[in-house]
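Here are two versions of the same chain, shown separately as C-alpha coordinates and labelled structure 1 and structure 2.
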Structure 1
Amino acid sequence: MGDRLLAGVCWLAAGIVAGGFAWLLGDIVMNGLGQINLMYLLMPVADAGRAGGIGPVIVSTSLILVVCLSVSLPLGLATAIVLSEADDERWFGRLVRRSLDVLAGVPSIVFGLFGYAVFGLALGLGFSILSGGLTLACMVLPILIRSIEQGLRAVPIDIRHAAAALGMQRWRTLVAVLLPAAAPGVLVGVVLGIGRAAAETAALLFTSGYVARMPDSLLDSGRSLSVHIFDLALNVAGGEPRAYAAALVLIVALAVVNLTAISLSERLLSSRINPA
(Lines of atoms letter the chains of each structure in order from A and count residues from 1; the text may use other names and numbers.)
(Lines give C-alpha, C1' and ligand atoms only; values in the text may rest on other atoms or scores of the structure.)
Protein backbone atom coordinates (compact mmCIF):
# COMPACT_ATOMS: atom_id res chain seq x y z
CA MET A 1 0.00 0.00 0.00
CA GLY A 2 2.80 2.38 0.93
CA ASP A 3 4.67 1.69 -2.32
CA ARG A 4 1.55 2.40 -4.38
CA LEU A 5 0.89 5.61 -2.50
CA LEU A 6 4.46 6.79 -3.01
CA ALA A 7 4.34 5.86 -6.70
CA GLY A 8 1.05 7.74 -7.06
CA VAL A 9 2.53 10.85 -5.43
CA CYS A 10 5.57 10.69 -7.74
CA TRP A 11 3.41 10.29 -10.84
CA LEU A 12 1.19 13.16 -9.68
CA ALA A 13 4.20 15.44 -9.19
CA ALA A 14 5.58 14.46 -12.60
CA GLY A 15 2.18 15.09 -14.19
CA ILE A 16 1.93 18.56 -12.61
CA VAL A 17 5.40 19.50 -13.88
CA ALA A 18 4.70 18.10 -17.37
CA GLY A 19 1.30 19.78 -17.49
CA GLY A 20 2.74 23.15 -16.48
CA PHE A 21 5.44 22.87 -19.13
CA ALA A 22 2.90 21.85 -21.77
CA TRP A 23 0.64 24.78 -20.88
CA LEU A 24 3.56 27.23 -21.03
CA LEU A 25 4.87 25.82 -24.32
CA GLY A 26 1.40 25.75 -25.86
CA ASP A 27 0.79 29.40 -24.93
CA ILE A 28 4.09 30.46 -26.51
CA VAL A 29 3.49 28.42 -29.66
CA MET A 30 -0.07 29.69 -30.17
CA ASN A 31 0.91 33.34 -29.72
CA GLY A 32 4.31 33.29 -31.41
CA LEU A 33 4.18 30.82 -34.29
CA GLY A 34 2.22 33.13 -36.59
CA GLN A 35 4.89 35.82 -36.30
CA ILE A 36 7.79 33.64 -37.43
CA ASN A 37 8.99 33.35 -41.02
CA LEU A 38 12.31 33.47 -42.84
CA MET A 39 12.33 37.26 -43.10
CA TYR A 40 11.66 37.57 -39.38
CA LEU A 41 14.81 35.53 -38.69
CA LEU A 42 16.97 37.56 -41.09
CA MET A 43 15.72 41.16 -41.05
CA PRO A 44 17.02 43.82 -38.62
CA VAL A 45 14.94 45.09 -35.73
CA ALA A 46 12.57 47.94 -36.61
CA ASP A 47 10.15 50.16 -34.66
CA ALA A 48 11.64 49.11 -31.29
CA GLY A 49 10.97 45.47 -32.13
CA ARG A 50 7.33 45.80 -33.16
CA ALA A 51 8.37 45.37 -36.80
CA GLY A 52 11.28 43.92 -38.75
CA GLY A 53 13.01 40.80 -37.50
CA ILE A 54 15.65 39.52 -35.10
CA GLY A 55 18.64 38.90 -37.39
CA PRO A 56 21.12 41.08 -35.44
CA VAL A 57 19.77 39.71 -32.15
CA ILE A 58 20.48 36.13 -33.25
CA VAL A 59 24.00 37.09 -34.34
CA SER A 60 24.69 38.88 -31.04
CA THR A 61 23.36 35.94 -29.03
CA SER A 62 25.53 33.51 -30.98
CA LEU A 63 28.65 35.65 -30.48
CA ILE A 64 27.99 35.97 -26.74
CA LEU A 65 27.66 32.19 -26.44
CA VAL A 66 30.84 31.63 -28.50
CA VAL A 67 32.81 33.94 -26.18
CA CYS A 68 31.26 32.28 -23.13
CA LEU A 69 32.09 28.73 -24.21
CA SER A 70 35.54 29.65 -25.57
CA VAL A 71 36.53 30.84 -22.11
CA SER A 72 34.53 28.59 -19.80
CA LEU A 73 35.05 25.23 -21.54
CA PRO A 74 38.91 25.09 -21.36
CA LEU A 75 38.93 26.50 -17.81
CA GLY A 76 36.11 24.22 -16.70
CA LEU A 77 37.67 21.12 -18.22
CA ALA A 78 41.09 21.81 -16.69
CA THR A 79 39.61 22.53 -13.25
CA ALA A 80 37.39 19.44 -13.39
CA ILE A 81 40.42 17.29 -14.24
CA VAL A 82 42.35 18.69 -11.28
CA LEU A 83 39.41 18.09 -8.91
CA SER A 84 38.74 14.57 -10.20
CA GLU A 85 42.39 13.59 -9.78
CA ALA A 86 42.82 15.29 -6.41
CA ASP A 87 42.47 13.48 -3.11
CA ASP A 88 39.03 14.11 -1.57
CA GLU A 89 40.64 14.66 1.80
CA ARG A 90 42.87 17.50 0.66
CA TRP A 91 41.79 20.94 1.86
CA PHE A 92 42.31 22.53 -1.56
CA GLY A 93 39.85 20.24 -3.32
CA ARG A 94 37.24 20.67 -0.60
CA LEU A 95 37.62 24.45 -0.68
CA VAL A 96 37.23 24.63 -4.46
CA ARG A 97 34.16 22.37 -4.46
CA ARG A 98 32.45 24.34 -1.70
CA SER A 99 33.24 27.58 -3.50
CA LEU A 100 31.75 26.24 -6.73
CA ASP A 101 28.59 25.12 -4.93
CA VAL A 102 28.20 28.60 -3.44
CA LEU A 103 28.80 30.32 -6.79
CA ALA A 104 26.23 28.08 -8.49
CA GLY A 105 23.56 29.54 -6.20
CA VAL A 106 24.54 33.21 -6.57
CA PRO A 107 21.78 35.27 -8.29
CA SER A 108 22.55 36.28 -11.84
CA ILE A 109 22.11 39.97 -11.03
CA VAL A 110 25.18 39.71 -8.77
CA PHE A 111 27.21 38.29 -11.67
CA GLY A 112 25.92 41.15 -13.78
CA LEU A 113 27.16 43.74 -11.30
CA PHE A 114 30.49 41.90 -11.05
CA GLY A 115 30.83 41.81 -14.84
CA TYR A 116 29.98 45.50 -15.12
CA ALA A 117 32.54 46.46 -12.45
CA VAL A 118 35.36 44.17 -13.61
CA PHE A 119 34.97 43.75 -17.37
CA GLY A 120 33.02 46.90 -18.18
CA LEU A 121 34.80 49.44 -15.96
CA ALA A 122 38.09 48.00 -14.70
CA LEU A 123 39.12 46.43 -18.01
CA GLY A 124 37.47 49.15 -20.11
CA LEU A 125 35.32 46.82 -22.23
CA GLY A 126 32.16 48.82 -21.56
CA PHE A 127 28.84 47.49 -22.79
CA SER A 128 30.03 44.92 -25.30
CA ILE A 129 29.54 41.37 -26.50
CA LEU A 130 32.95 40.48 -25.06
CA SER A 131 31.99 41.83 -21.64
CA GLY A 132 28.70 39.89 -21.70
CA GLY A 133 30.34 36.66 -22.84
CA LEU A 134 33.02 36.84 -20.13
CA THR A 135 30.37 37.48 -17.49
CA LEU A 136 28.35 34.48 -18.64
CA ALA A 137 31.54 32.39 -18.58
CA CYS A 138 31.88 33.20 -14.88
CA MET A 139 28.25 32.19 -14.37
CA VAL A 140 28.40 28.82 -16.11
CA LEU A 141 31.81 27.74 -14.79
CA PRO A 142 30.45 26.24 -11.51
CA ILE A 143 27.87 24.11 -13.35
CA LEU A 144 30.33 23.13 -16.05
CA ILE A 145 33.10 22.14 -13.65
CA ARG A 146 30.90 20.08 -11.36
CA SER A 147 29.21 18.25 -14.27
CA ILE A 148 32.50 17.37 -15.95
CA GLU A 149 34.03 16.34 -12.64
CA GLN A 150 31.16 13.94 -11.95
CA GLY A 151 31.53 12.55 -15.47
CA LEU A 152 35.23 11.87 -14.87
CA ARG A 153 34.56 10.34 -11.46
CA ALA A 154 31.92 8.04 -12.97
CA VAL A 155 34.59 6.27 -15.03
CA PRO A 156 35.26 2.91 -13.28
CA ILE A 157 38.48 2.77 -11.29
CA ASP A 158 39.31 -0.52 -13.03
CA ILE A 159 39.97 1.41 -16.24
CA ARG A 160 42.62 3.49 -14.48
CA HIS A 161 44.18 0.37 -12.99
CA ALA A 162 44.22 -1.37 -16.38
CA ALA A 163 45.91 1.63 -18.00
CA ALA A 164 48.50 1.73 -15.22
CA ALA A 165 49.12 -1.99 -15.59
CA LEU A 166 49.85 -1.44 -19.30
CA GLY A 167 52.48 1.12 -18.39
CA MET A 168 50.58 4.17 -19.68
CA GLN A 169 51.66 7.49 -18.24
CA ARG A 170 49.12 9.42 -16.19
CA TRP A 171 48.60 12.18 -18.74
CA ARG A 172 48.26 9.61 -21.52
CA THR A 173 45.65 7.73 -19.51
CA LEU A 174 43.74 10.96 -18.98
CA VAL A 175 43.77 12.05 -22.62
CA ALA A 176 43.33 8.69 -24.35
CA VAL A 177 41.13 6.82 -21.87
CA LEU A 178 39.40 8.92 -19.23
CA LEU A 179 38.30 11.94 -21.27
CA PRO A 180 36.72 9.85 -24.08
CA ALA A 181 34.97 7.72 -21.46
CA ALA A 182 33.70 10.84 -19.69
CA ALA A 183 32.55 12.56 -22.91
CA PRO A 184 28.81 12.17 -22.10
CA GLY A 185 29.36 13.97 -18.80
CA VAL A 186 31.24 16.73 -20.59
CA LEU A 187 28.33 17.12 -23.01
CA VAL A 188 25.88 17.36 -20.11
CA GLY A 189 27.91 20.17 -18.60
CA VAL A 190 28.11 22.01 -21.93
CA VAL A 191 24.35 21.71 -22.49
CA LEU A 192 23.56 22.96 -18.99
CA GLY A 193 25.97 25.83 -19.48
CA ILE A 194 24.46 26.82 -22.84
CA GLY A 195 20.97 26.60 -21.38
CA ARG A 196 21.76 28.96 -18.54
CA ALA A 197 23.78 31.35 -20.69
CA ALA A 198 21.26 31.56 -23.53
CA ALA A 199 18.35 32.26 -21.18
CA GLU A 200 20.19 34.82 -19.06
CA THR A 201 18.84 38.37 -18.95
CA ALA A 202 19.83 40.19 -15.77
CA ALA A 203 23.58 39.75 -16.17
CA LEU A 204 23.53 40.88 -19.80
CA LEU A 205 21.59 44.05 -19.05
CA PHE A 206 24.70 45.33 -17.22
CA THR A 207 27.31 43.99 -19.64
CA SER A 208 26.31 43.46 -23.28
CA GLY A 209 23.64 46.16 -23.35
CA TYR A 210 20.46 46.87 -25.32
CA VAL A 211 21.71 47.84 -28.79
CA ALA A 212 19.82 45.86 -31.45
CA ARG A 213 21.93 46.66 -34.52
CA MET A 214 24.25 44.19 -36.24
CA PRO A 215 27.56 44.08 -34.31
CA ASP A 216 30.79 44.80 -36.20
CA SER A 217 33.10 43.30 -33.57
CA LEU A 218 33.13 41.73 -30.12
CA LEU A 219 33.64 45.20 -28.63
CA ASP A 220 30.27 46.39 -29.94
CA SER A 221 27.20 46.28 -27.75
CA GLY A 222 24.76 43.54 -28.67
CA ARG A 223 21.26 42.54 -27.59
CA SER A 224 20.69 38.89 -26.76
CA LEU A 225 17.43 37.05 -27.38
CA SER A 226 16.58 36.97 -23.69
CA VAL A 227 17.12 40.74 -23.34
CA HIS A 228 15.08 41.30 -26.51
CA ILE A 229 12.19 39.29 -25.06
CA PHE A 230 12.43 41.20 -21.78
CA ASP A 231 12.42 44.56 -23.57
CA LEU A 232 9.47 43.71 -25.81
CA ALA A 233 7.39 42.29 -22.99
CA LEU A 234 7.91 45.10 -20.48
CA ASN A 235 9.14 48.25 -22.20
CA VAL A 236 7.55 48.29 -25.67
CA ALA A 237 3.84 48.96 -26.03
CA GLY A 238 2.33 46.40 -28.41
CA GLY A 239 5.45 44.29 -28.37
CA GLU A 240 3.90 41.18 -26.79
CA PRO A 241 3.33 39.24 -30.07
CA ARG A 242 6.96 39.71 -31.11
CA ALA A 243 8.08 38.79 -27.59
CA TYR A 244 6.23 35.49 -27.95
CA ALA A 245 7.89 34.92 -31.33
CA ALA A 246 11.38 35.59 -29.96
CA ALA A 247 10.67 33.31 -26.99
CA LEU A 248 9.64 30.51 -29.36
CA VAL A 249 12.86 30.95 -31.38
CA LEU A 250 14.89 30.71 -28.17
CA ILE A 251 13.06 27.56 -27.04
CA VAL A 252 13.53 25.88 -30.41
CA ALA A 253 17.24 26.76 -30.42
CA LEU A 254 17.70 25.28 -26.95
CA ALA A 255 15.74 22.18 -27.95
CA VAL A 256 18.00 21.69 -30.98
CA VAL A 257 21.11 22.00 -28.80
CA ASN A 258 19.73 19.51 -26.27
CA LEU A 259 18.68 16.97 -28.92
CA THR A 260 22.06 17.25 -30.63
CA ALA A 261 23.85 16.68 -27.32
CA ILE A 262 21.63 13.68 -26.52
CA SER A 263 22.32 12.18 -29.93
CA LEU A 264 26.08 12.66 -29.56
CA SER A 265 25.99 11.21 -26.05
CA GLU A 266 24.12 8.11 -27.24
CA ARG A 267 26.60 7.62 -30.08
CA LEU A 268 29.53 7.92 -27.70
CA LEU A 269 28.00 5.44 -25.29
CA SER A 270 27.18 3.07 -28.14
CA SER A 271 30.75 3.25 -29.47
CA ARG A 272 32.09 2.43 -26.01
CA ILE A 273 29.76 -0.55 -25.59
CA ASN A 274 30.04 -1.84 -29.17
CA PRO A 275 33.41 -0.68 -30.50
CA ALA A 276 33.98 -1.15 -34.22
Structure 2
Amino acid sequence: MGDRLLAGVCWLAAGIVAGGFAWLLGDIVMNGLGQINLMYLLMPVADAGRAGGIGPVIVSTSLILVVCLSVSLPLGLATAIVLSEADDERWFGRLVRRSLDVLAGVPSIVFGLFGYAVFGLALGLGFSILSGGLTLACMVLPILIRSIEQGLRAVPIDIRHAAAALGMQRWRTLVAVLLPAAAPGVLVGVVLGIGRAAAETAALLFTSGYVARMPDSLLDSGRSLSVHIFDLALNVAGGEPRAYAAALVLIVALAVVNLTAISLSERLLSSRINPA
Protein backbone atom coordinates (compact mmCIF):
# COMPACT_ATOMS: atom_id res chain seq x y z
CA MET A 1 0.00 0.00 0.00
CA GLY A 2 2.66 2.52 1.11
CA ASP A 3 5.01 1.22 -1.54
CA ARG A 4 2.42 1.81 -4.22
CA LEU A 5 1.69 5.32 -2.93
CA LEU A 6 5.37 6.28 -2.91
CA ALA A 7 5.88 4.83 -6.36
CA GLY A 8 2.81 6.67 -7.63
CA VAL A 9 3.91 10.02 -6.19
CA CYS A 10 7.44 9.62 -7.53
CA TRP A 11 6.33 8.54 -11.00
CA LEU A 12 3.96 11.52 -11.03
CA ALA A 13 6.73 13.94 -10.03
CA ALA A 14 9.14 12.48 -12.58
CA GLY A 15 6.39 12.69 -15.19
CA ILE A 16 5.78 16.37 -14.45
CA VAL A 17 9.50 17.14 -14.70
CA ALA A 18 9.93 15.14 -17.91
CA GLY A 19 6.75 16.75 -19.26
CA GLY A 20 8.07 20.27 -18.61
CA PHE A 21 11.36 19.34 -20.22
CA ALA A 22 9.66 17.86 -23.25
CA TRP A 23 7.36 20.88 -23.57
CA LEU A 24 10.30 23.31 -23.54
CA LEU A 25 12.45 21.27 -25.87
CA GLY A 26 9.62 20.26 -28.19
CA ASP A 27 8.42 23.84 -28.57
CA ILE A 28 11.88 25.07 -29.56
CA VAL A 29 12.68 22.17 -31.88
CA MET A 30 9.29 22.38 -33.66
CA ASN A 31 9.45 26.12 -34.19
CA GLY A 32 13.16 26.38 -34.87
CA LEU A 33 13.99 23.38 -37.02
CA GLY A 34 12.35 24.59 -40.24
CA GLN A 35 14.49 27.71 -40.45
CA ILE A 36 17.89 26.20 -39.96
CA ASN A 37 20.03 25.53 -42.99
CA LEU A 38 23.59 26.16 -44.08
CA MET A 39 22.81 29.68 -45.29
CA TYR A 40 21.32 30.58 -41.92
CA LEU A 41 24.50 29.48 -40.15
CA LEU A 42 26.79 31.39 -42.53
CA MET A 43 24.98 34.57 -43.66
CA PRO A 44 25.39 37.95 -41.93
CA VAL A 45 22.60 39.27 -39.72
CA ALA A 46 20.09 41.38 -41.65
CA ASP A 47 17.13 43.57 -40.65
CA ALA A 48 17.99 43.48 -36.92
CA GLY A 49 18.00 39.69 -37.04
CA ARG A 50 14.61 39.21 -38.71
CA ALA A 51 16.38 38.12 -41.89
CA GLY A 52 19.77 36.83 -42.93
CA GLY A 53 21.71 34.42 -40.76
CA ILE A 54 23.88 34.24 -37.68
CA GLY A 55 27.36 33.93 -39.23
CA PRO A 56 28.99 36.88 -37.40
CA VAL A 57 27.23 35.89 -34.19
CA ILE A 58 28.77 32.41 -34.31
CA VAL A 59 32.20 33.93 -35.01
CA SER A 60 31.86 36.38 -32.09
CA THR A 61 30.67 33.63 -29.76
CA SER A 62 33.64 31.45 -30.70
CA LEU A 63 36.11 34.32 -30.22
CA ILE A 64 34.64 35.10 -26.80
CA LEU A 65 35.04 31.43 -25.84
CA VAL A 66 38.63 31.36 -27.11
CA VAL A 67 39.56 34.45 -25.07
CA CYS A 68 37.77 33.00 -22.04
CA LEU A 69 39.58 29.66 -22.20
CA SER A 70 43.03 30.98 -23.08
CA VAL A 71 42.99 32.98 -19.84
CA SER A 72 41.03 30.71 -17.52
CA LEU A 73 42.69 27.43 -18.52
CA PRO A 74 46.32 28.26 -17.51
CA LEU A 75 45.13 30.02 -14.37
CA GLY A 76 42.72 27.23 -13.50
CA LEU A 77 45.29 24.52 -14.18
CA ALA A 78 47.88 26.17 -11.94
CA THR A 79 45.36 26.68 -9.14
CA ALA A 80 44.09 23.10 -9.45
CA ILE A 81 47.66 21.74 -9.21
CA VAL A 82 48.24 23.71 -6.01
CA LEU A 83 44.90 22.59 -4.57
CA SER A 84 45.39 18.93 -5.49
CA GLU A 85 48.67 18.87 -3.58
CA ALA A 86 47.58 21.16 -0.76
CA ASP A 87 46.88 19.69 2.63
CA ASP A 88 43.30 20.59 3.55
CA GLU A 89 44.34 21.35 7.09
CA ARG A 90 46.68 24.12 5.89
CA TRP A 91 45.18 27.59 5.76
CA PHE A 92 46.23 28.40 2.19
CA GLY A 93 44.46 25.52 0.49
CA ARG A 94 41.39 25.97 2.65
CA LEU A 95 41.25 29.70 1.89
CA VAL A 96 41.55 29.21 -1.87
CA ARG A 97 38.90 26.49 -1.86
CA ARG A 98 36.40 28.44 0.24
CA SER A 99 36.92 31.57 -1.83
CA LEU A 100 36.29 29.64 -5.07
CA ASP A 101 33.15 28.01 -3.64
CA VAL A 102 31.74 31.45 -2.92
CA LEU A 103 32.88 32.81 -6.29
CA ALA A 104 30.94 30.00 -7.97
CA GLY A 105 27.75 31.38 -6.39
CA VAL A 106 28.21 35.01 -7.42
CA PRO A 107 25.37 35.91 -9.84
CA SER A 108 26.38 36.31 -13.48
CA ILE A 109 24.95 39.83 -13.69
CA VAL A 110 27.39 40.80 -10.93
CA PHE A 111 30.24 39.41 -13.03
CA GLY A 112 28.87 41.63 -15.78
CA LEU A 113 29.12 44.69 -13.51
CA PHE A 114 32.61 43.65 -12.43
CA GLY A 115 33.78 43.07 -16.01
CA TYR A 116 32.32 46.40 -17.10
CA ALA A 117 34.11 48.24 -14.27
CA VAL A 118 37.45 46.42 -14.61
CA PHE A 119 37.92 45.51 -18.27
CA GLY A 120 35.62 48.06 -19.85
CA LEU A 121 36.43 51.14 -17.75
CA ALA A 122 39.64 50.60 -15.75
CA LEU A 123 41.58 48.78 -18.47
CA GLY A 124 39.96 50.77 -21.23
CA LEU A 125 38.80 47.81 -23.32
CA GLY A 126 35.28 49.20 -23.66
CA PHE A 127 32.58 47.01 -25.17
CA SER A 128 34.69 44.34 -26.78
CA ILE A 129 35.09 40.63 -27.32
CA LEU A 130 38.15 40.86 -25.09
CA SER A 131 36.12 42.39 -22.23
CA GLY A 132 33.44 39.73 -22.59
CA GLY A 133 35.88 36.84 -22.80
CA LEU A 134 37.85 38.00 -19.77
CA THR A 135 34.64 38.48 -17.77
CA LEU A 136 33.56 34.93 -18.61
CA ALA A 137 37.05 33.67 -17.69
CA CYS A 138 36.51 34.95 -14.13
CA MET A 139 33.09 33.32 -14.09
CA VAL A 140 34.06 29.82 -15.25
CA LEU A 141 37.23 29.66 -13.14
CA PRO A 142 35.65 27.86 -10.14
CA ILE A 143 33.96 25.14 -12.21
CA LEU A 144 37.14 24.66 -14.26
CA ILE A 145 39.34 24.33 -11.18
CA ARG A 146 36.97 21.88 -9.50
CA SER A 147 36.99 19.38 -12.36
CA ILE A 148 40.71 19.70 -13.11
CA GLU A 149 41.45 19.13 -9.43
CA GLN A 150 39.29 15.99 -9.45
CA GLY A 151 41.24 14.76 -12.46
CA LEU A 152 44.57 15.40 -10.74
CA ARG A 153 43.45 13.75 -7.52
CA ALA A 154 42.39 10.68 -9.48
CA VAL A 155 46.04 10.04 -10.38
CA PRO A 156 47.09 7.22 -8.01
CA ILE A 157 49.56 8.23 -5.33
CA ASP A 158 51.79 5.29 -6.39
CA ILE A 159 52.58 7.10 -9.63
CA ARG A 160 53.74 10.18 -7.72
CA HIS A 161 55.83 8.00 -5.41
CA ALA A 162 57.35 6.15 -8.36
CA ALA A 163 58.32 9.44 -10.01
CA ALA A 164 59.86 10.69 -6.79
CA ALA A 165 61.72 7.39 -6.32
CA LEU A 166 63.21 7.78 -9.80
CA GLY A 167 64.61 11.09 -8.63
CA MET A 168 62.51 13.15 -11.02
CA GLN A 169 62.26 16.82 -10.29
CA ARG A 170 58.84 18.17 -9.35
CA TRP A 171 58.30 20.05 -12.58
CA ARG A 172 59.34 17.01 -14.65
CA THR A 173 56.92 14.87 -12.67
CA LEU A 174 54.21 17.39 -13.32
CA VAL A 175 54.77 17.77 -17.05
CA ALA A 176 55.69 14.18 -17.92
CA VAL A 177 53.59 12.18 -15.45
CA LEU A 178 50.78 14.03 -13.71
CA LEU A 179 49.38 16.17 -16.53
CA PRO A 180 49.11 13.32 -19.06
CA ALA A 181 47.47 11.16 -16.41
CA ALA A 182 45.07 13.94 -15.48
CA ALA A 183 44.27 14.90 -19.08
CA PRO A 184 40.73 13.44 -19.10
CA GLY A 185 39.82 15.48 -16.01
CA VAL A 186 41.22 18.60 -17.61
CA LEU A 187 39.19 17.86 -20.72
CA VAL A 188 35.98 17.49 -18.68
CA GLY A 189 36.72 20.81 -17.01
CA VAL A 190 37.28 22.53 -20.31
CA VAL A 191 34.09 21.13 -21.80
CA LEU A 192 32.04 22.11 -18.73
CA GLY A 193 33.59 25.56 -18.82
CA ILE A 194 32.68 25.97 -22.49
CA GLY A 195 29.13 24.89 -21.68
CA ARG A 196 28.81 27.43 -18.89
CA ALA A 197 30.38 30.25 -20.90
CA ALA A 198 28.35 29.62 -24.05
CA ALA A 199 25.11 29.62 -22.05
CA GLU A 200 25.87 32.97 -20.44
CA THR A 201 23.99 36.12 -21.34
CA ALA A 202 23.77 38.50 -18.39
CA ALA A 203 27.54 38.83 -17.93
CA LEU A 204 27.94 39.79 -21.60
CA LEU A 205 25.24 42.47 -21.89
CA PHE A 206 27.56 45.29 -20.88
CA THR A 207 30.94 43.74 -21.60
CA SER A 208 30.94 42.35 -25.14
CA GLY A 209 27.83 44.24 -26.16
CA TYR A 210 25.22 43.93 -28.89
CA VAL A 211 26.96 44.71 -32.19
CA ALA A 212 25.99 42.07 -34.76
CA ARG A 213 28.55 42.91 -37.43
CA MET A 214 31.46 40.60 -38.19
CA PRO A 215 34.17 41.60 -35.69
CA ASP A 216 37.44 42.92 -37.18
CA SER A 217 39.50 42.37 -34.04
CA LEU A 218 39.18 41.30 -30.42
CA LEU A 219 38.67 44.96 -29.52
CA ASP A 220 35.41 45.10 -31.51
CA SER A 221 32.10 44.58 -29.80
CA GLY A 222 30.63 41.22 -30.73
CA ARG A 223 27.19 39.75 -30.08
CA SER A 224 27.11 36.26 -28.61
CA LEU A 225 24.45 33.75 -29.61
CA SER A 226 22.74 34.03 -26.23
CA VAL A 227 22.60 37.84 -26.45
CA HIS A 228 21.24 37.46 -30.00
CA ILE A 229 18.37 35.30 -28.70
CA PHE A 230 17.64 37.79 -25.93
CA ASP A 231 17.66 40.76 -28.32
CA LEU A 232 15.38 39.05 -30.85
CA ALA A 233 12.95 37.90 -28.18
CA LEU A 234 12.61 41.15 -26.27
CA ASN A 235 13.78 44.09 -28.39
CA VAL A 236 12.90 43.22 -31.99
CA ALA A 237 9.23 43.20 -33.02
CA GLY A 238 8.64 40.10 -35.15
CA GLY A 239 11.95 38.60 -34.09
CA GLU A 240 10.32 35.58 -32.49
CA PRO A 241 10.69 33.02 -35.31
CA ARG A 242 14.37 33.78 -35.69
CA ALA A 243 14.82 33.68 -31.91
CA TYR A 244 13.50 30.11 -32.05
CA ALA A 245 16.09 29.20 -34.68
CA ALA A 246 18.95 30.75 -32.71
CA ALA A 247 17.75 29.08 -29.49
CA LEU A 248 17.72 25.69 -31.23
CA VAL A 249 21.28 26.18 -32.51
CA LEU A 250 22.46 27.09 -29.00
CA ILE A 251 20.60 24.20 -27.32
CA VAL A 252 21.94 21.61 -29.76
CA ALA A 253 25.50 22.94 -29.37
CA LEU A 254 25.20 22.88 -25.57
CA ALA A 255 23.61 19.43 -25.47
CA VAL A 256 26.55 18.06 -27.45
CA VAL A 257 29.02 19.84 -25.17
CA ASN A 258 27.33 18.73 -21.94
CA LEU A 259 26.77 15.12 -22.98
CA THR A 260 30.45 14.95 -23.96
CA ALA A 261 31.45 16.22 -20.53
CA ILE A 262 29.14 13.76 -18.76
CA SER A 263 30.31 10.68 -20.67
CA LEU A 264 33.96 11.74 -20.30
CA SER A 265 33.63 12.20 -16.56
CA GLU A 266 31.83 8.88 -16.14
CA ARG A 267 34.60 7.11 -18.01
CA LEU A 268 37.09 8.91 -15.79
CA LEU A 269 35.21 7.83 -12.68
CA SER A 270 35.03 4.16 -13.70
CA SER A 271 38.73 4.09 -14.65
CA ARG A 272 39.48 5.42 -11.19
CA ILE A 273 37.52 2.68 -9.49
CA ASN A 274 38.70 -0.27 -11.58
CA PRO A 275 42.44 -0.47 -10.78
CA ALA A 276 41.77 -0.51 -7.01
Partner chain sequence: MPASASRLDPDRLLTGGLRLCAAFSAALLILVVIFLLLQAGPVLDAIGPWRLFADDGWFPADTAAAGQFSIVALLAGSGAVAFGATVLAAPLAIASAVFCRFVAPPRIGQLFRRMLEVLAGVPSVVFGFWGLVVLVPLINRWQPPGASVLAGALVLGLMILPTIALLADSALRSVPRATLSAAAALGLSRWRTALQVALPAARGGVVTGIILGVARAIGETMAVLMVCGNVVQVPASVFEPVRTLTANIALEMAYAYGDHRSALFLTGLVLTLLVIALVLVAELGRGANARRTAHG
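We call the rigid core whatever largest set of C-alpha positions still superposes within 1.5 Å between the two forms. Here, a residue number simply tells you its place in the sequence of structure 1, counted from 1. It should be emphasised that the depicted structure is a prediction, and the values quoted were computed from it without experimental measurement.
- In this comparison the chain labelled structure 2 is the form predicted in complex with its partner chain, and the other chain is not.
- A movement of the C-alpha atom of residue 34 falling short of 2 angstroms is seen between structure 1 and structure 2 when the two forms are aligned on their rigid core.
- Superposing the two forms on their core, we find that the Cα atom of residue 259 is displaced by 5.9 Å between structure 1 and structure 2.
- Once the core is aligned between structure 1 and structure 2, the alpha carbon position of residue 23 differs by 3.5 Å; this is the C-alpha shift at that site.
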